[in-house]
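This document starts with one chain, in the form predicted on its own, laid out as structure tokens.
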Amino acid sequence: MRAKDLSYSVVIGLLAGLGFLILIGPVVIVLLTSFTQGRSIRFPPSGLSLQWYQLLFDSVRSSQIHRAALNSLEVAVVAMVGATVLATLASVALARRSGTWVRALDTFFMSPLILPMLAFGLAALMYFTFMGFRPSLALIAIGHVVVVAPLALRTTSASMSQLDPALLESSASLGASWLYTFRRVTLPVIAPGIAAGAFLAFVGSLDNVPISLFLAGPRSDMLPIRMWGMMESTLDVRVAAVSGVLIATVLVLMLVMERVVGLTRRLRD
């Protein structure tokens, strides 16, 4: 039995190490590449230097990257707010209800996670074109709201499922209106789930490529598309520097969210 336990532990350890290497390895390679002294993306780097980060933050030579980053941040914030509002309303409406129509609505809200993003992006482009709209940041934001709302709905619904119905019944028995109960009872209880969902929606919108690719216009350049173009044309090392900034930013935000709302627990629930 001891030999079997040992072999089991060795196999599980090797599999866990392999999974960790697959997940973390590309991130480490990108970070190391962003500090290279060379003039092209190559690993291992020929030397370590901050020159590409200095070039990245140069407002003149990297103005196009800065404009694309601002566009992506603007769209991500709008998508985060829109998705959070929709997810909160949907989770409150579906909470503690059962039936065929409830399951159908839940499946409908989660369907953007199942559909291929390229197919959805093409369909969105065709639909908005048929309606007479031209590609713009506003259309990108609408498309992002649709695809990231399920991420916010997942954590918000988990928080709603943990809300004690006795709190709502006590509030109603004391004469409180539905709006007052939502504002003073429901919202404070589910606030951590809402915050976790908003964070996931923000990150999901920030690095979305398919929707942005189809709905972007000449004046609505997005950061992922800009990085893609730089990789295809010149293998610019600034792409690795941008990736390093994004990795560091998301890591800091994850640590903050884990500290404030317990992001890991919210996703697990």
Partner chain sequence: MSGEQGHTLDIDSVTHRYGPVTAVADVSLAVRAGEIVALLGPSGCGKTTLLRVVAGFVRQSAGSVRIDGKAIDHLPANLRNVGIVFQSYALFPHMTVAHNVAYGLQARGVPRGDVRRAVERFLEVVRLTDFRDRLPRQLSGGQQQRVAVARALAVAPTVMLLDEPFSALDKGLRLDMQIEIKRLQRQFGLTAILVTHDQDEAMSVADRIAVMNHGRVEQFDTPIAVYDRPATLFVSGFIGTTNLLRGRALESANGTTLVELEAGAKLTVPTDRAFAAGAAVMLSARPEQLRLHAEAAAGRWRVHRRLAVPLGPNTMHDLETRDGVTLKLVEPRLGPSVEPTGDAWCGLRPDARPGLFDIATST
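Just so we're on the same page, rigid core means the largest C-alpha set that superposes within 1.5 Å between forms. Positions refer to the first chain, counted from 1. Note that the structure is predicted; figures quoted are calculated from it, not measured.
Omitted from view is the form predicted together with its partner chain, to which the following refers.
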query	finding
Stretch in contact in the predicted complex with its partner chain, which is absent here, among 132-140, 72-80, 152-160, 186-194 (heavy atoms within 4.5 Å)	186-194
Residue 176 within 4.5 Å of its partner chain in the predicted complex, heavy atoms	yes
Contact flag, residue 102 vs its partner chain in the predicted complex, heavy atom cut 4.5 Å	no
Non-hydrogen atom contact residue 172 with its partner chain in the predicted complex at 4.5 angstroms	yes
In the predicted complex, residue 110 touching its partner chain (heavy atom, 4.5 Å)	no
Partner contacts for 146-169, taking its partner chain in the predicted complex and a 4.5 Å heavy atom cut-off	164, 166, 167, 169
Residue shift check between the shown form and the other one, rigid core fit, residue 188 Cα at least 2 Å	no
After fitting the core, residue 173 CA displacement of 2 Å or more between the shown form and the other one	yes
